[in-house]
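Presented as structure tokens, the chain that follows is alone, the form predicted on its own.
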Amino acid sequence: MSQTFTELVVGGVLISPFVTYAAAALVLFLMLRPVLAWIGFERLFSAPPLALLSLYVVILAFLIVLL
């Protein structure tokens, strides 16, 4: 069973599916950040930027696996 990836075409330029997934993950991550700030997510970690980057990578991985 092979999965076919469809490229996004913008102005005649083919854009890799990974770029599409990365952009979608960024949108989801930016929508999630105010909620994380409200619950105090960054106070739980000694290196908050690293925790936020890890969360972005997890969201990206879920999008790649699920789509």
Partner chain sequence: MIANVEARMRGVLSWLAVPQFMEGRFIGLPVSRWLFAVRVWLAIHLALGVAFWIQLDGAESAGVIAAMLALQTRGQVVEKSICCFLGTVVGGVMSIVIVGLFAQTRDLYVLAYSAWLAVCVFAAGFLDGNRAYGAVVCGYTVSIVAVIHIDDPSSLFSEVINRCAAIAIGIASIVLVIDVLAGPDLGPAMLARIEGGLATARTFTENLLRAGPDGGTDAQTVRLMGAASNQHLFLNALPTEAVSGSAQAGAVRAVLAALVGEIRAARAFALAGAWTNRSDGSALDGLIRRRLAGEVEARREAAASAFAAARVGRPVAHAPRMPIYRSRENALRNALRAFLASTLTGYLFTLTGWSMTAFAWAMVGVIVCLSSNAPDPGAMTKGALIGLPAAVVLGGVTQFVLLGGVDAFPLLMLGTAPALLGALLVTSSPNPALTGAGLLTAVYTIVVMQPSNPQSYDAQSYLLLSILLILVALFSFVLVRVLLPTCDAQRRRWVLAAIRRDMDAALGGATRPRSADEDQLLDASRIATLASLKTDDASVRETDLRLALRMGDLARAARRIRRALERMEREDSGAESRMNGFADAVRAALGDADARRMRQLAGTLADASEPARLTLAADMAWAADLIDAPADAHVSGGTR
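Residue numbers count along the first chain shown, from 1. Note that the coordinates shown come from a computational prediction; the quantities given were computed from them, not determined experimentally.
Just so you know, the form predicted in complex with its partner chain exists too; it's not on screen, but the next bit is about it.
A residue is said to contact a partner when one of its heavy atoms sits within 4.5 Å of a partner heavy atom; A37 meets this definition for its partner chain in the predicted complex. Among heavy atoms of A22, none comes within 4.5 Å of its partner chain in the predicted complex.
Contact check for L52: a non-hydrogen atom falls within 4.5 Å of its partner chain in the predicted complex. Of the heavy atoms in V13, some are within 4.5 Å of its partner chain in the predicted complex.
Residues are counted as partner-facing when one of their heavy atoms sits within 4.5 Å of its partner chain in the predicted complex; in 28 to 52 these are R33, L36, A37, E42, R43, F45, S46, A47, P49, L50, L52, in sequence order.
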